[in-house]
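One chain follows as structure tokens, the form predicted alone.
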Amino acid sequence: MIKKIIFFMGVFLFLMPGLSAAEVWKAPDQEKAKERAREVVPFVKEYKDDCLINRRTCLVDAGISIKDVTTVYFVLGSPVIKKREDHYEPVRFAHKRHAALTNDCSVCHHFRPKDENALETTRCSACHQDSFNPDYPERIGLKAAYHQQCMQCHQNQGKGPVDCKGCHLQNVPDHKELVKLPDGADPFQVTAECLRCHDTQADDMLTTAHWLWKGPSPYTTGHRKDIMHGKGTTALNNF
């Protein structure tokens, strides 16, 4: 029980009063990607129905290549998908890496709008939005477009995940609505409240290699060659 207390004191410190959201650092690139993901762009009603060979040739003739990829990664979390269901966190798509792997922009940007002023590499959510749109029955929705494009390529290449949890994390419930703590709760009360729902996870944690680690500690005086010293035996396990 003591080990569980120490563990949850560290992991669930954010539940303690006094830690404001302003104190949590946020990565600028990540916030920019999230902001972009929240955008809903105008729907492209008409597109040029080129074959893939012509499409590839058009992109090459336009001089578009990996050097034009300015956004390293996207967060694929469009409101178009979330308004129907929101069970998983959005995928963080390594845009530039995939462009380098395929070296062919037409793999994903397989069509372009008929509007000659439109971008050659318009985003997926411009052409794919609501599922089962009666006005455009041949057009699959955004969620299906993402899944079909990504999973089919991963299967063809024999690389990359093809299941839900291989790409997504499940959404974590808002603990502000779940946790019941008195004002000025002490660490023991915080731990007890965490264990109310997470007792199984606490037991699993006690069997991990990180928790049971032991061996020589070259930077610890008196234990540089002590093979029995470590978190699993004599050291305080306070990670």
Partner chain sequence: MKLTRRTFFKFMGAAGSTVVGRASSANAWESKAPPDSYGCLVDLSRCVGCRKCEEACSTVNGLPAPERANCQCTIFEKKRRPDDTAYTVVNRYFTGKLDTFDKPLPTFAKVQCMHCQDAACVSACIVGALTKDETGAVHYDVSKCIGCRYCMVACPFEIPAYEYDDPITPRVMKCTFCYDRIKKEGGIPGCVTICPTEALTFGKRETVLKIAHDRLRENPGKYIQHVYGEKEVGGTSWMYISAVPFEKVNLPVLPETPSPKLSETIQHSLFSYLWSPIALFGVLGAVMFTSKKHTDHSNRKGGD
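Not measured: the values here are computed from a predicted model. Numbering follows the first chain given and starts at 1.
One more form of this protein should be noted, the form predicted in complex with the partner chain, which is absent from this view; the next part is about it.
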Evaluate C164 for contact with the partner chain in the model of the complex, applying a 4.5 angstroms cut-off between non-hydrogen atoms, and reply yes or no. yes
I'd like to know if E116 sits close to the partner chain in the model of the complex, meaning any non-hydrogen atom pair within 4.5 angstroms. no
Contact test in the model of the complex: F111 vs the partner chain, heavy atoms, 4.5 Å: no
Counting only non-hydrogen atoms and a 4.5 angstroms cut-off, does D204 reach the partner chain in the model of the complex? yes
Among 100-108, 71-79, 87-95, 117-125, the region lying within 4.5 Å of the partner chain in the model of the complex by heavy atom distance: 87-95
Could you spot which one of Q30, Q189, Q170, N54 gets a heavy atom to within 4.5 Å of the partner chain in the model of the complex? Q170
Scan 150-168 and write down, in order along the chain, each residue with a heavy atom lying within 4.5 Å of the partner chain in the model of the complex. M151, Q155, N156, Q157, G158, C164, K165
Would one find the Cα atoms of M205 and V162 closer or farther in the model of the complex than in this form, where their distance changes by 3 Å or more? closer
